[in-house]
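Shown next as structure tokens: one chain only, the form predicted on its own.
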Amino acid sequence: MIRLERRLDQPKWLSVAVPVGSLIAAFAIMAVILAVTGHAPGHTYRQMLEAGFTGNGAFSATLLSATPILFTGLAAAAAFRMQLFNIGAEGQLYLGAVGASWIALKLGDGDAGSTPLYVLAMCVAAGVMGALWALIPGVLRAFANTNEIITSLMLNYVAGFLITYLIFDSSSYWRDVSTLQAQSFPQGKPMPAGAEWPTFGSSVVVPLGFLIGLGVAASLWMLYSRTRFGFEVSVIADSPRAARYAGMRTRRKILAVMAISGGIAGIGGASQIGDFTHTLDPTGLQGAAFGYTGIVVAALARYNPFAVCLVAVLLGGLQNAGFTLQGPDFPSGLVGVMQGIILFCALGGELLIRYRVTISRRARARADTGSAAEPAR
């Protein structure tokens, strides 16, 4: 008989061995899928490794792909640490992009020396917008006990319709209507030159947004592991009843954690504007699905901020390899399938961390013929 028994004591080595084992299992399952679809697994993995990490300029492209999912992964991890399942990082990133582009356009044209001002203003505006958007499901969870999974997920679609309306269905402040071509083919206003975030390095180009993401990861680790706030969040996550008995203000913590999560995702939207698109692009944002990929990152990293950075680079490399190798003999959908397999294996690994599998033999009871009940008279 196979049973799951909850672990009273979780060995530390499991927190490393299980995620690594989950990745190995995911690649093994993907190898079977590649073989069934007519792709040699070994050759395909070598191509993906070269296209995502070791090829000329591949790692720079991987860091570009990893930057937005680093922010959404940190946003998901920040909420999941308190058993708040914020699925709305996608929409919060959209609102962050709206806020960052608005403040950049308001600041107007500037020289290269004013770029730090743009970066700071864009991050603050994007963080505030993302936090406010995340507070909607946070308030509903704290005061109406509404499932935040449903509300945050539905708000993703609302945010998508909103940014589409701003660019395609209105003459809003964000839409470029300066030329006849722009009026006929809707597009966002281009950002000022000072709002273009710098990059660092020569052989490996590192975007500023990625460095900001590393700083956010370090700050998040300090907040959760070295402060009273982080201790109370851990207690509330483990035992809400014990937290209430100890006098911890659960509602305030729910609002604070959701705001932090949404603010991090919002800064990811600012990075999209400053590092990459330099304009509010609804089609590109919605097509990339950064928020949903961030959930995979957070789950595989087991909500550890530093592990989120590593997993974000890994999945960024997979995405970059998919874009590079995409063609008639390598459908880009295979990378999406691999991400899904990684997520399922990560969730399965989480189960093994919390529970141990035991196998026991259960003897079948045999009825004693001599003790059979007499028929009723």
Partner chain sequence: MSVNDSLVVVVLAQAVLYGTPLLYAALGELLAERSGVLNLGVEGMMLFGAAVGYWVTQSVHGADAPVLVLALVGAALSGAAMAAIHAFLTITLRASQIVSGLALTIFAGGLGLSAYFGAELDLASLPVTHQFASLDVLGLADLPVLGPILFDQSALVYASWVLTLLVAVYLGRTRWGLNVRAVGEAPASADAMGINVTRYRYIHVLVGGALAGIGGACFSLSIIPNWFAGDSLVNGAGWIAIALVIFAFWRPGICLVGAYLFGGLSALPSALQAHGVTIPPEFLYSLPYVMTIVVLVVVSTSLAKRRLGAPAALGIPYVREER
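Here the structure is a predicted model, which means the values were calculated and not measured. Think of the rigid core as the biggest set of C-alphas that the two forms share within 1.5 Å after superposition. Positions refer to the first chain, counted from 1.
A second form of this protein, the form predicted together with its partner chain, is not displayed here; the remarks below concern that form.
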**Q.** Three-residue site 122, 215 and 309 fully in contact with its partner chain in the model of the complex at 4.5 Å by heavy atom
**A.** no
(Q) The chain here is shown without its partner chain. Which stretch in 266-274, 200-208, 152-160, 183-191 comes within 4.5 angstroms of it in the model of the complex, by heavy atom distance? (A) 152-160
Q. Looking at 28, 337, 40, 49, which has any heavy atom no more than 4.5 Å from its partner chain in the model of the complex?
A. 337
(Q) Within 4.5 Å, heavy atoms only, which of 146, 234, 283, 227 is in contact with its partner chain in the model of the complex? (A) 146
**Q.** Proximity of residue 299 to its partner chain in the model of the complex, heavy atoms at 4.5 Å
**A.** yes
Q) Contact between residue 55 and its partner chain in the model of the complex at 4.5 Å, heavy atoms? A) no
Q. So in the model of the complex, does residue 238 come within 4.5 Å of its partner chain, heavy atom to heavy atom?
A. no
Q) Would residue 174 show up as a contact with its partner chain in the model of the complex if we use heavy atoms at 4.5 Å? A) no
(Q) At 4.5 Å, heavy atom to heavy atom, what parts of 255-293 sit next to its partner chain in the model of the complex? List them in sequence order, or say none. (A) 287, 289, 292
Q) Does the distance between the two CA positions of residue 310 reach 2 Å or more between this form and the one not shown, the core being superposed? A) no
Q.
Given a core-based superposition, decide whether the C-alpha of residue 60 shifts by 2 Å or more between this form and the one not shown.
A. no
Q: Answer yes if the Cα of residue 351 shifts by 2 angstroms or more between this form and the one not shown on a rigid-core superposition, and no otherwise.
A: yes
